[in-house]
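As a starting point, one isolated chain is supplied in structure tokens, in the form predicted on its own.
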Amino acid sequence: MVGIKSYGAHIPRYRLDRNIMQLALLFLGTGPLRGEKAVANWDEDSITMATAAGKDCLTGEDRDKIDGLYFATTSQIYSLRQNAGIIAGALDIATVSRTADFTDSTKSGTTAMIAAADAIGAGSLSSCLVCVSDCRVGKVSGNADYTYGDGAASFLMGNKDVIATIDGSYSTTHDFVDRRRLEGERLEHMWEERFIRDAGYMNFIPEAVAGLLNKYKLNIKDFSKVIYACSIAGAHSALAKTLGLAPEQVQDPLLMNVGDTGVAQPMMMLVAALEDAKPGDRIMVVSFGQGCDVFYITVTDKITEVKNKKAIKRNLANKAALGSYEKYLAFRKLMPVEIGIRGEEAIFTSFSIVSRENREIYGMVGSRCRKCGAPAWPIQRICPNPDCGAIDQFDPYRFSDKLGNIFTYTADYLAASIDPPSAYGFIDFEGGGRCGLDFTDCDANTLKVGLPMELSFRIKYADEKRAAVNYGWKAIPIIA
């Protein structure tokens, strides 16, 4: 049976209290006061978060058997360069043969999931990684500014050893104009919220749920959890009554502690549901965006074998207060910030190097000596072990999924940075190897020699002159 083999998620470390936002924006009126939203660091975007979720999903999985990768977002970085291909390179899925971007609607994540299941069921793919992610920016003080949060989820799809089978789906399409953005625009336009609530959520979600139930002769009470995307807290509660759901059937929409993550919202909710699921549980997932996709899954006995995932719970526990709305504006480039003349230096991007050395740069793949086993990054033709010295005798060796410890570090207040000080240093990896890396998602005052670290795919710099956002791996403290 076609289904889910593994899952993963990513929630950025920073959280922004909505009360802090309100205090900064009092002159423009009041906004939602409760809770907080997850905020991507300055070096995170939809691609890096999708990669983080994919890395979490692939823990313990054989990447050599994956032949497809689908990426869904409404905050795509490139409109003429496949974003899914960047993620495949970062995750070092060398065998992937089919990649695709699903964009332009907040239901794109479920569409990608259903498309992957159909491809595997038809035999055109054997295993497909589906990554969903959004890092949207709302107009300052607008409803979206308060409610939007950043996050990602990922699912490995296959037809063997699945933890949940995908048993059916149903979709509707409506040219419903709630949020819109033209080519070249960064900020969204939004129609009247009451119209979105009453004509959109309250109509389309019940219609889609009824369609699925009728198609497969099911009853709403047959489901342990029902997941439905809705960014309006009051409408989410009202829909539970409209759908006839008991309180224990309603999955937390994560609006109060993460926010509305767009394409990722229903998929992150699914990860949260799977974390607590038991064999035999039946779960329904409903997305929203110019109509709805609905699919349902049945959890298998394999769910008990899932281990070592950050998923939702560990990501929620790993948080730090951003502390300042102005800092958020600077991170999102909504407020110009002076970072010194060093920050004005032009950075040249050679696309020949990016293409030719993609696996080494984006995949963080180095070399391991066949003679003595010593690993190294970047790739070395001569073994770094002084007692070996073998030449051109090495195999590829992936560092991105290896853990390490700080060997030495620096907190640099003179380097150009939107979030000073810039921290960087050398990491000693478990199993061997040492390399210099930038550090992120950390307080420079808490760094110390020996601190356990892992790697995270992040933005290195933006070369606006050449329409390039360039990525690489940085070191972050390990989530406990």
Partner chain sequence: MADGIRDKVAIIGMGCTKFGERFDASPQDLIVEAFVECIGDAGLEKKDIQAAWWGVHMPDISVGRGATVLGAVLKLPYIPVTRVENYCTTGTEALRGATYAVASGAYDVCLALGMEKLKDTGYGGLPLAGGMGYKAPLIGFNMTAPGAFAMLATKYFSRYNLNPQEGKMMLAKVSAKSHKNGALNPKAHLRKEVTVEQIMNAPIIAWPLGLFDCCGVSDGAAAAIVCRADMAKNFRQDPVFIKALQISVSSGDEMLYTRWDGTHVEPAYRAGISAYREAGIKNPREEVSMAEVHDCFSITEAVTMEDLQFSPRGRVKEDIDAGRFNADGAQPIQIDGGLKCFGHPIGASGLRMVYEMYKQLQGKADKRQLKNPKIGLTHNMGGFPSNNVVSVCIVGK
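Since the model is a prediction, treat every value here as computed from it, not as a measurement. Numbering follows the first chain given and starts at 1.
Beyond the structure shown, there is the form predicted together with its partner chain, which is absent from this document and is the topic of what follows.
- Ile353 is the sole member of Ala210, Ile353, Val337, Ala320 with a non-hydrogen atom lying within 4.5 angstroms of its partner chain in the predicted complex.
- Exactly one listed residue, out of Asp67, Asp428, Glu61, Glu454, brings a non-hydrogen atom to within 4.5 Å of its partner chain in the predicted complex: Asp428.
- Each of Ile341, Glu345 and Arg434 is positioned with at least one heavy atom within 4.5 Å of its partner chain in the predicted complex.
- Of the candidate stretches 77-85, 381-389, 292-300, 276-284, only 381-389 has residues with heavy atoms within 4.5 Å of its partner chain in the predicted complex.
- Put simply, Gly366 is far from its partner chain in the predicted complex: not one heavy atom of it is within 4.5 Å.
- Looking at Arg18, you'd find every heavy atom of it more than 4.5 angstroms from its partner chain in the predicted complex.
- When contacts are judged by a 4.5 Å heavy atom cut-off, Phe407 counts as touching its partner chain in the predicted complex.
- Shown alone here, Tyr397 lies farther than 4.5 Å from its partner chain in the predicted complex, counting heavy atoms only.
- In sequence order, Phe407, Thr408, Tyr409, Thr410, Ala411, Asp412, Tyr413, Leu414, Ala415, Ala416, Ser417, Ser422, Tyr424, Gly425, Phe426, Asp428 are the residues of 398-430 having a heavy atom within 4.5 Å of its partner chain in the predicted complex; the partner itself is omitted from this view.
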